[in-house]
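We begin with a single chain expressed as structure tokens, specifically the form predicted alone.
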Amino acid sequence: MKTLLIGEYRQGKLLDTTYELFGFAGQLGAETALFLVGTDSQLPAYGGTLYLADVAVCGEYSPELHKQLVLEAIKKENPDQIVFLHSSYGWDLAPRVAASLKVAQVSEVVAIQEGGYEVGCCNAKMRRTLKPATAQSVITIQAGAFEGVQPGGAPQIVKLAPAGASNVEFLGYEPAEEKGVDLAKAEIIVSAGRGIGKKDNVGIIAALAKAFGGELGASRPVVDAEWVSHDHQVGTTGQTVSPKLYVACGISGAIQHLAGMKKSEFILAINKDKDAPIGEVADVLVVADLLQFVPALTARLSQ
């Protein structure tokens, strides 16, 4: 099996998330080639073939030009799969490429299963396995779902240049609105998940966060239920964090949440389900009723 991986370059830098594409390809046992719109000064640590287009000519994003360049690389490589990150770049470009090739697309893959790809459904509350019905396919992978792998070495560069000019001008990036709580700077975060039961129990988790001298975080279901505001959300649709201590209270461990916090130095999970996915990344898993354990822990810390 052969894959063409679509790397990402932003504001003068190769994005580290590009290496997650190699993690995905490695799990498939696939051969790889890489496509990138970037510069000679920011090359990936990769000893394979790199199809490189000059960002100064093509812009950091131009839908038609970048699609044209990806299709040219596909023509040269004839890969079984074209793999994007499930990012704003991938969201826009992957379906354009799939439509041009008239092939299947599977979006936001979180795991590889025998015979197909696992994706979230029902607002990420469930997962299902899909298999492309075409020999060639376009895939986007969820950020954080596959561990980044640096193959090492220096790439063999094949230069690509667009035919013609773009009819779209890339103006730049618009900064996100300022968050009321900047969890990215917090050294300790205590997060509430759906397992806390109801809104009235948020105060129990907030008290533990205060006892630790940290900030209150939350999973997406808690935010969607309007138990806490969105600026407390941790995950791919919230804030990505890497505190010294992350305490997950009643959080099962959906891939979107794990992607936002798995780089924490130490993870303590409190969950009544000993088989909850959060246990796979936690340094310590406390199997207990959090409504009993958390107040006891808070009281001990407050002594």
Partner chain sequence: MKILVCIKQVPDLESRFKPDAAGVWFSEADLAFRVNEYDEYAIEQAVKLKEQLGNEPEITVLSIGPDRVLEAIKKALAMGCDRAVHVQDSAAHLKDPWQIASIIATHAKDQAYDVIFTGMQSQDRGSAQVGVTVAEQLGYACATTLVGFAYEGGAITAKLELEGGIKGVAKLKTPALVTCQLGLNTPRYPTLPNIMKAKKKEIAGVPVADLLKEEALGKTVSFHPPAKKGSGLILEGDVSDLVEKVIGILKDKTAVLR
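Keep in mind that this is a model prediction, so the values were computed, not measured. If you superpose the two forms and keep the largest set of C-alpha atoms that fall within 1.5 Å, you have the rigid core. Positions refer to the first chain, counted from 1.
Heads up, the form predicted together with its partner chain isn't pictured, but that's what we're talking about next.
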| query | finding |
| --- | --- |
| Single option in V168, V158, A161, A154 placed near its partner chain in the predicted complex, where near means a heavy atom within 4.5 Å | V168 |
| Heavy atom within 4.5 Å of its partner chain in the predicted complex - residue from I188, I204, V181, I112 | I188 |
| Contact label in the predicted complex: L285 to its partner chain, heavy atom within 4.5 Å | yes |
| Contact test in the predicted complex: Y9 vs its partner chain, heavy atoms, 4.5 Å | no |
| Its partner chain contact at E147 in the predicted complex, heavy atom, 4.5 Å | no |
| E174: touches its partner chain in the predicted complex, heavy atom cutoff 4.5 angstroms | yes |
| Residues within stretch 129-149 having a non-hydrogen atom within 4.5 Å of its partner chain in the predicted complex | T129, L130, K131, P132, A133, T134 |
| Displaced residue check between the shown form and the other one: S166, CA, 2 Å or over, core reference | yes |
| Shift of A104 between the shown form and the other one at or above 2 Å (CA, core fit) | no |
| Did E226 shift 2 Å or more between the shown form and the other one, C-alpha, core superposed | yes |
| Closer or farther: C-alpha pair D92/G253 in the predicted complex, relative to this form, given a change of 3 Å or more | closer |
